[in-house]
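Consider the single chain below, provided in structure tokens and representing the form predicted alone.
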């Protein structure tokens, strides 16, 4: 799908280690050359983007953020609202990747600025296919903002 010239950076905000692992497996299975950066909640995701603390001092700017809604400390809704208010980050596409099929979660995610909403398939084969489709869309079809923009 992608070439070595530009390895896409994906920030995954996901509190379930098994789901984070499944995303990594799906990227690999679909030959999506991406540098997957994983954090466990919205607070860590904000610190990552802002390059706060020694853990995130050299964090690369993501081309795409995959966001779970239900996480501890700061959930996906709070994170999404926060980054869409920050000039340096509001142009980063955020795709919600969650188990929730609740209509109000879908509507509120788009209202807060999500670029997409995917309900995690329970079946592993369907999950891998969903990540393949996501990769084809975001990394082959659409044009993303320049990854080299100035950082705070």
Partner chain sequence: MKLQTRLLLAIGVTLTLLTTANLWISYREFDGLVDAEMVKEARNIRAMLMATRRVYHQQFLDSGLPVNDKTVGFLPAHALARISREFPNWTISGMSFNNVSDRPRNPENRADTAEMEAMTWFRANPKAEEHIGEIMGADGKLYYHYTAPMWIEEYCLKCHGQREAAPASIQDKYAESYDYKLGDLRGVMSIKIPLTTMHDRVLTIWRVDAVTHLVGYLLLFLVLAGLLRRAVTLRLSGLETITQHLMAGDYRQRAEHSGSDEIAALGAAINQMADAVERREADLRRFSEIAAHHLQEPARRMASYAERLTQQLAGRIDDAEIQLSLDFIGQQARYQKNMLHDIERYLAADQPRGELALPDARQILAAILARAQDRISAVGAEIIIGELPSAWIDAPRLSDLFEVTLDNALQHGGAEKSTLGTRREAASAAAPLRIAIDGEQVGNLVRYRISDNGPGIEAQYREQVFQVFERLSSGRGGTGIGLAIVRRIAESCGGRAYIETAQGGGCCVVVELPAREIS
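Given the structure is predicted, the values throughout are model-derived calculations rather than measurements. Positions refer to the first chain, counted from 1.
What comes next is about the form predicted together with its partner chain, which is not displayed.
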property	result
Proximity of residue 93 to its partner chain in the predicted bound form, heavy atoms at 4.5 Å	no
Exercise: residue 25 in contact with its partner chain in the predicted bound form, heavy atom 4.5 Å	yes
Heavy atom of residue 136 within 4.5 Å of its partner chain in the predicted bound form	no
is_contact(residue 105, its partner chain) in the predicted bound form, heavy atom dist at most 4.5 Å	yes
Residue stretch of 105-113, 83-91, 32-40, 59-67 approaching its partner chain in the predicted bound form, non-hydrogen atom distance within 4.5 Å	105-113
Contacts with its partner chain in the predicted bound form, stretch 111-127 (heavy atom within 4.5 Å)	120, 121, 122, 123, 124, 125
Cα-Cα shift for residue 42 and residue 103, closer or farther in the predicted bound form, minimum 3 Å	closer
Inter-Cα distance between residue 109 and residue 120 in the predicted bound form, nearer or further [3 Å or more]	farther
